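Below you will find one chain, with nothing else, as C-alpha cells; this is the form predicted alone, and questions on how it binds or moves follow later.
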Amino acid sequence: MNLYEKSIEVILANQHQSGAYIACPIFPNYRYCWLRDGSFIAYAMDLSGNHSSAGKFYRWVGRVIDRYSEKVTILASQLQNGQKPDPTGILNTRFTLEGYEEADQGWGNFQVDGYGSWLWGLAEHINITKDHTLLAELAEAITTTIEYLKLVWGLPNYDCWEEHPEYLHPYSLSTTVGGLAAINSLRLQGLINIPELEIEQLIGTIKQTMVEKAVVDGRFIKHIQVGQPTQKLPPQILNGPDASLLGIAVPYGVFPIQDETMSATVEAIEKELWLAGGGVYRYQGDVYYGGGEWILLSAWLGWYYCRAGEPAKAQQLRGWIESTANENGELPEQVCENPLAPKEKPVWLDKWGPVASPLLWSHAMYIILVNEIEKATNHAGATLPGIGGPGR
C-alpha cells in the first residue's frame, strides 16, 4: 500500500462539502474542524497538488471569521473596561463542519494558535498557487484576524494541546509571529490591500517577549507564567521541553534553525521526548491516553531535520511512522505501546474509547514529511530556510 497516496485519499474523503476538514471521522470529540489541524492539512494538500481542496478550506475559514467578527469588537470593549474575556468576545478553536460554534461550551475554546496558523497557511497557499483573487476575497477575514491577534496574543489561554489556560505558550506566540509575518510579506508586495495595523511592531514585541520570558537554561520552555496563576505547574511541566516548540523554527521561522537557543531546544526534545527506535512524545508528564508517541510530532521532527540538512534522521522517523499504519493504511493520533504514564491509559480508554484514527493531521504531517525529504535529498547537504516567518 502506498501510504502517501492513501493519506491524500483519507484527507479528501473527509473534507466536508463546506471545505472543512474533520479532525477524525470516528472519534466523537474530534468530529469538528480546528483551524490548527486544518491549516496543516491544507498545506499538505497544496504540497500534493490538491490546491482546490486547500482553497475550499481557506474560504471556509473566511466565512467562519466573517460570521463571528463582531466578537472582536466585543472583546476590545471588554478589555478596555478591564473585564476578563468571556465566550461572547473569544473566537472559538473548533467549529462544526458547517462553520458554526459547537454547543459544548465546556471545551477549552480560548486558543490563539489556530488564528496565526491559518494566516501562515493561507500565505503559503497564495505563494504556491498565485491565487490572488482568493487573497482579495479573504481580505476582511484577514484584517479581523490581525485585529484579534493584537488583542489576545499576550492573554493567558489554552496551549495547542488544549491545556493550562492560565499561562502563555511559546508555540502559540510563534504561530502569531509566523502568521502575521507571512501575511505582512504579501502586503508589502502589494498583493493584498489591508491596513498595516502595526504588524511589524507587534512581531518585534512578541519576539522580544519570547527572548526575555521563554528561555530557561539556554533553551525555549513549554509555558510562560503570567501573574500569579491559581494552580502553579511543577517545574517539569512549566520549564520542560515540548515537541510543539519545533514550530518556533519550522514552519513559523520566528528564530532560525541555526539559532543557539533553538538548537538547544531540539537537543532537549531529542533527549527527553524521542523514544529510541520509535516516535516522539508531546512532553514529559503527559497523561492523555497514558502519553504515547505522536505520529504528527514524529513527522514534525523529521520536517525540522530536513530543513537542518539531516534527511537521514528524517528517513528514520518516516520509517517508524509507516510502521504504525493499520491494515487500511490509516494513521492514528498516537501509539501507546510505550506510554509515559501507563496507569492513565485505561482511564482514557474507558472515558473516550480507542485512540483517534484516522487522524487527518497525522496523515497531513506525513505528506509534508515525504515532500520535505524529497526536497532535502535533492538539495543534499543544503540547509533550507523556514517557510513563513520574518526571514522569508
Ligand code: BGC
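One-based numbering along the sequence shown. Just so we're clear, the structure is a prediction, and the values are computed from it rather than from any experiment.
If you look for the form predicted in complex with this ligand, you will not find it shown, but the lines that follow are about it.
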> So in the model of the complex, does any heavy atom of C160 sit within 4.5 Å of this ligand?
Replying inline: yes
> Going by a heavy atom distance of 4.5 Å, is R36 a contact of this ligand in the model of the complex?
Replying inline: yes
>> in the model of the complex, is there a heavy atom of this ligand that lies within 4.5 Å of any heavy atom of Y68, even though the partner is absent here?
In response: no
>> in the model of the complex, is there a heavy atom of this ligand that lies within 4.5 Å of any heavy atom of R187, even though the partner is absent here?
In response: no
> Judged by heavy atoms and a 4.5 Å cut-off, are Y30, W294 and L359 together in contact with this ligand in the model of the complex?
Replying inline: yes
>> Counting any heavy atom within 4.5 Å as contact, can you tell me which stretch out of 319-327, 22-30, 46-54, 338-346 lines this ligand in the model of the complex?
In response: 22-30
>> Between H125, R282, R219, H164, only one gets a heavy atom within 4.5 angstroms of this ligand in the model of the complex; which residue is that?
In response: R282
>> Quick check on this chain: which one of W274, F110, W153, Y288 has a heavy atom within 4.5 Å of this ligand in the model of the complex?
In response: Y288
